[in-house]
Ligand SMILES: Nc1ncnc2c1ncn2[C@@H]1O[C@H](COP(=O)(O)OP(=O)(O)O)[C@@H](O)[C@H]1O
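Single chain ahead, by itself, as structure tokens, in the form predicted alone.
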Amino acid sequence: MNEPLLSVQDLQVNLHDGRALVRGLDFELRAGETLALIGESGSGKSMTALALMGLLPEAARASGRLALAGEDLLGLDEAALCKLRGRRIALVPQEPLSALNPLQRVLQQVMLPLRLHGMSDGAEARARALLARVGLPESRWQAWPHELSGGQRQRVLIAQALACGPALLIADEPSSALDQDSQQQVLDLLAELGREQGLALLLISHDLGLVARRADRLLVMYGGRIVEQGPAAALLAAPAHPYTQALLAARPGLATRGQVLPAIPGSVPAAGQWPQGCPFAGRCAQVDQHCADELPPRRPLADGRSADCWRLDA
């Protein structure tokens, strides 16, 4: 098997006051592979993406090891990170309207990363080809961002992220601001582009059902930790962690008209204020005292899966 393009080892993201936002993440991502990071808002997904991009807020610090093609990202200064962002690693942010410059037309915005990275020769032709590939009609290439629909703006951001040919593409909730049809179209487009260009694609989403069939592997995140992981098909066929089971049960597609969807009681704890034991203990229907008192270890399961849950021994 080829070496991983991205290797994350014991990633920690902590605030200056000591609160932990991300706790001990370990995963790898290979060229041509799609990995989906799943969890509710507040689970630590976006902080993971910002750590990978070197864009954490001033109050947060990352530690551990983040290696892109063997290069430790946490050891780079801001000048080196600026050369890397967009060129080798790119981000599709979750708010398409606020991510685009309202005072610049679409075509110019797709050309911008090429110019910033010294790739001005042929920049317009490259931008036009990308806009065509992501399915934005040519009649919209000279439009202002506010003149586009949400799905069109998201396509512009994808074209912009791909402009310089990055090896790793991170899509942070790429469909959250879209209607259901546009969500499917954008995720299908990302999956197609990943296959075509051999990208390592990290999909971040709160919707397990929406992204699962487009991913090779799934990481389910809660309380700043990975609570279950494995090949997508195997994990969906036999989810082991109560949190994964609850996410799957709450999928809208499983309900009939008029049926009340199952809901996970309670809410995600405030960032960095995790309980002493299992982070999901306060919302879990299977909880016992052991769960509340002690953090569970990772348990290997069949088919390359693993889960962090004391109830696996029950």
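Start at 1 and count along the sequence shown; that's the residue number. All figures in this text were calculated on a predicted structure; none of them were measured in a lab.
There is also a form predicted together with this ligand; it is not shown, and the following applies to it.
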Quick one: of Gly42, Gly282, Gly277, Gly64, which gets a non-hydrogen atom within 4.5 angstroms of this ligand in the model of the complex?
Gly42
So in the model of the complex, does any heavy atom of Leu248 sit within 4.5 Å of this ligand?
no
Contact of Leu15 with this ligand in the model of the complex (heavy atom, 4.5 Å):
yes
Is Cys291 close to this ligand in the model of the complex, meaning a heavy atom pair under 4.5 Å apart or at it?
no
Interface membership of Leu21, this ligand in the model of the complex, 4.5 Å heavy atom rule
yes
Stretch from 27-35, 65-73, 45-53, 283-291 whose residues place a heavy atom within 4.5 Å of this ligand in the model of the complex
45-53
For the stretch 195-210, which residues lie within 4.5 Å of this ligand in the model of the complex by non-hydrogen atom distance?
none
